[in-house]
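The chain below stands alone and is given as C-alpha cells, in the form predicted on its own.
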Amino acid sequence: MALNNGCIQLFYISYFYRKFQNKMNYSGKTVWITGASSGIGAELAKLFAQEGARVLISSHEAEELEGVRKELESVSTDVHTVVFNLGDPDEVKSTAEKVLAEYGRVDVLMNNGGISTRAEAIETSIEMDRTVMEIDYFSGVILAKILLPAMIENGYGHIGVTSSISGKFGWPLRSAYAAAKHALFGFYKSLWAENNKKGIRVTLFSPGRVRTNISYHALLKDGKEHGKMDPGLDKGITPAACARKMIKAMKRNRKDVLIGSTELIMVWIHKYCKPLYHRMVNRVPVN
C-alpha cells in the first residue's frame, strides 16, 4: 500500500512539474538558429520570435535568410541575420566570436543546419565524407564549445541538436550522413553529462520524414545536388509541425526526442528486433 501511494505521489509530482515546465517561454532570451533559411529552422525562428526572444537566424544563403527575416517583421523586430558557411571551420569560429561580442550572450543554440547524401559508401569519396562531417557535426561542435563558457557563467544554456532517425541506425545511400548524425549523440550526451549541474540543457532531436528541402540539396556521388523531393519525405510531417514538437520538448527539458509518423517504428524495430530490421533495411524508404 505504501509503495502504491509513493508511486501515485511520484506520478503527480512528475505531472505538475512537466505542466510547469511547459509554461516556460523564451521571452528575453537570445536564440541562435542555424539552417534557418527554410524548413524547420525558419519555423523555429517564427516560434521563438512569437515568444519574445531575440532571434539570430543563420545560413550561407543570404537572400533566403533575409526573406525569412522580412516575413517575421510582423511578428518581431528583434530578428537578425548572421550569414556564414557551416562548411568552413574558420568562418564558423570567427562568426561565433563575433556573435558573442555583439550580443553578449546566446541562451539557446539550435544546431539545426546540415546536409544529406544519396550515394553508396563505396562510391562516396573521402572528401565528401569529410564535407558532410564538417557541416553536420563539427560546425555545431565548434559553436557549442565557443558559446558554452558564457552559458555556464550565466547559469543557463540550452543546446538543441537536429539529428535524424538515420542517427539511430544505418540506411542505404546515407553512410556519410548517418555517420555524422550518430556522432552527434556521442558528443552532446557527453557534453550534457559534464555540464548539466551547471545549468546546461541539451536536447537531441531525431526527425524522420519532414517535408523540407534536404533531399533537393543532398549530395550525389559526383558531388552534385540530388535536385528532387524524395517520395518518402513528401509524405512526411510539415516543418511547422516538427518545430512545434521541438519547442515543446525543449520546454520540458527532454533529452532525446523522436519526431515523425509511422516511419519511427523502424527505430523500435532496430532496437528490439534486429533480425527484422536486417530484412527490411534494403526494402523500406525512411527519409
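Keep in mind that what you see is a predicted model, and the values were worked out from it rather than measured. Counting begins at 1, following the sequence as shown.
There is another form of this protein, the form predicted together with a small molecule, and it is not shown here; the text below is about that form.
- Proximity to the small molecule in the predicted bound form, defined as a heavy atom within 4.5 Å, singles out one entry of R105, R201, H217, K93, which is H217.
- By the 4.5 Å heavy atom rule, the three marked residues V132, W171 and S261 all fail to count as contacting the small molecule in the predicted bound form.
- Note that among 152-160, 93-101, 79-87, 185-193, the stretch whose heavy atoms approach the small molecule to within 4.5 Å in the predicted bound form is 79-87.
- The small molecule is not drawn, but in the predicted bound form it has no heavy atom within 4.5 Å of G140.
- Of the heavy atoms in V55, none are within 4.5 Å of the small molecule in the predicted bound form.
- Residue contact with the small molecule in the predicted bound form: T30 places no heavy atom within 4.5 Å of it.
- Put simply, N112 is close to the small molecule in the predicted bound form: some heavy atom of it is within 4.5 Å.
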